[in-house]
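Before any questions on how it binds or moves, here is one chain, the form predicted alone, in structure tokens.
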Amino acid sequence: MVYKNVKGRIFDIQGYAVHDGPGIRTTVFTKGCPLRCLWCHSPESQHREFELGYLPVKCIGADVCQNACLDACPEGAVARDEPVEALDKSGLIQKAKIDREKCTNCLQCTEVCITKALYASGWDTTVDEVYERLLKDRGFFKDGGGVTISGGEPMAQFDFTCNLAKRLKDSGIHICLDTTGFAATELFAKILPYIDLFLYDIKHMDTKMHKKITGVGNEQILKNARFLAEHGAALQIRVPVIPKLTDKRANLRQTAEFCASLGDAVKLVQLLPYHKTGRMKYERLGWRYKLTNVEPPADEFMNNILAMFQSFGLNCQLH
């Protein structure tokens, strides 16, 4: 199968992924997304540009590295923080502190950080480079497993995503595309022959509310879901259940009705209850997390929603 060895920008490759489609998989995470979901658990995926991440727990102190990160920053955005006890209890150390208003994401500090406490979120690569990395995991692709291309929104880097899918398809590897559905229908038509299963998000059925909580309306997303269903795609619909945002029973009933209207194309619906695990990532990027007062939905509520989806004849599960 003819493909092009184009460049792409990713921020992670995770092996032994058991929540990104059937079986044991390896997931490639592309960088950049047109949505800004308030509950996003991968903020490093949102912007296509590289960003400075900082893990203070890995910083061993400015004295040990002789102020390397401070000296490397041309904007003076890196300084010494207040003294704290070293992890090995050897004494007080002064870790790096980032002034995000001064930082321009030049990333020069990451080049000299010996512990990678300061790091760039993402790197550029090629289809061939990612393919060779994925082949190392092929022996683990059991129980219908394979590769999932995720993000961010992988359709936002269409040339890279499509050519990677072509290369994988030619090798007989099962391919999932984890997508928000927010892209031109013509692009979904082009990539459809190379995708075995679409992991497809339906976040809210009201377009005004959808725009309020994600930054974009839902018309294109629903249109593309219908297109894929009508043209032979297999869909695994993912429905985030976010308290105060998507959890109204009327919205979830409309979502179930929409999923049912797609017919046999929908192989599974997964209900995704809100969780807090992504909050620490915002701190690493120096961002403010907007849902600080939101708690995960109760088990009883989720079980009731599960039963409601199943009442429409849908194969549905809690994720």
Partner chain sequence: MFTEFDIPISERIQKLKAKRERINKDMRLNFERNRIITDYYRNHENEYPVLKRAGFLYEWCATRKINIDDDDIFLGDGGPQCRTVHFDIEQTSQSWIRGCFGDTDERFRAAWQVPGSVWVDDEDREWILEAADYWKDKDIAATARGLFPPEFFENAGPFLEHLAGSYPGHFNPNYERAGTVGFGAVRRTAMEKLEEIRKHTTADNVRSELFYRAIIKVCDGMILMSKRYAEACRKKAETAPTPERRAELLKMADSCDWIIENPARNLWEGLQTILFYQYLLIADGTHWADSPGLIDSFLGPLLEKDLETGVLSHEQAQELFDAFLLQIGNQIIMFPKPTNDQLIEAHQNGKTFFDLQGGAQNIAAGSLITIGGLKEDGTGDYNLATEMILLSYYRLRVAEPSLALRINKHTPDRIWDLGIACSIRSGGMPQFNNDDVIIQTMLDKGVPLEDARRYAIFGCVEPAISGKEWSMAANCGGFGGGASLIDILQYVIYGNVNPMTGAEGMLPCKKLYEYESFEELQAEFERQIKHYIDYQARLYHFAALVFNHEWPCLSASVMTEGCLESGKDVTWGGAKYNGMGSMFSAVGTVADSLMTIKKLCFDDKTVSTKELYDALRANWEGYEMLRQRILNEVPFYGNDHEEPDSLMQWFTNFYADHYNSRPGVNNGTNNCGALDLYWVAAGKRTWATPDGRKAGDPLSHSSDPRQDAVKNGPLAYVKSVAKLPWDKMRCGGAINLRLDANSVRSEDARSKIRKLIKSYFEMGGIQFHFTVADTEVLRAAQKNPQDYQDLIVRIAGFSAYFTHLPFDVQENYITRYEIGL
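Numbering follows the first chain given and starts at 1. What you see is a predicted model, and the numbers here were worked out from it, not measured in a lab.
Quick note: we don't show the form predicted in complex with the partner chain, though the next part is all about it.
Three-residue candidate spot Arg36, Thr104 and Tyr289; no residue lies within 4.5 angstroms of the partner chain in the model of the complex by any non-hydrogen atom. The partner chain in the model of the complex is approached by Phe140, whose closest heavy atom lies within 4.5 angstroms of it.
Among residues of the shown chain, Lys208 is not one whose heavy atoms approach the partner chain to within 4.5 Å in the model of the complex. Among heavy atoms of Ala307, none comes within 4.5 Å of the partner chain in the model of the complex.
Not displayed here, the partner chain is kept clear of Ala120 by more than 4.5 Å at the level of heavy atoms in the model of the complex. None of 56 to 64, 43 to 51, 289 to 297, 249 to 257 except one has non-hydrogen atoms within 4.5 angstroms of the partner chain in the model of the complex; the exception is 56 to 64. The single residue of 69 to 100 lying near the partner chain in the model of the complex is Asp88, the criterion being any heavy atom within 4.5 Å.
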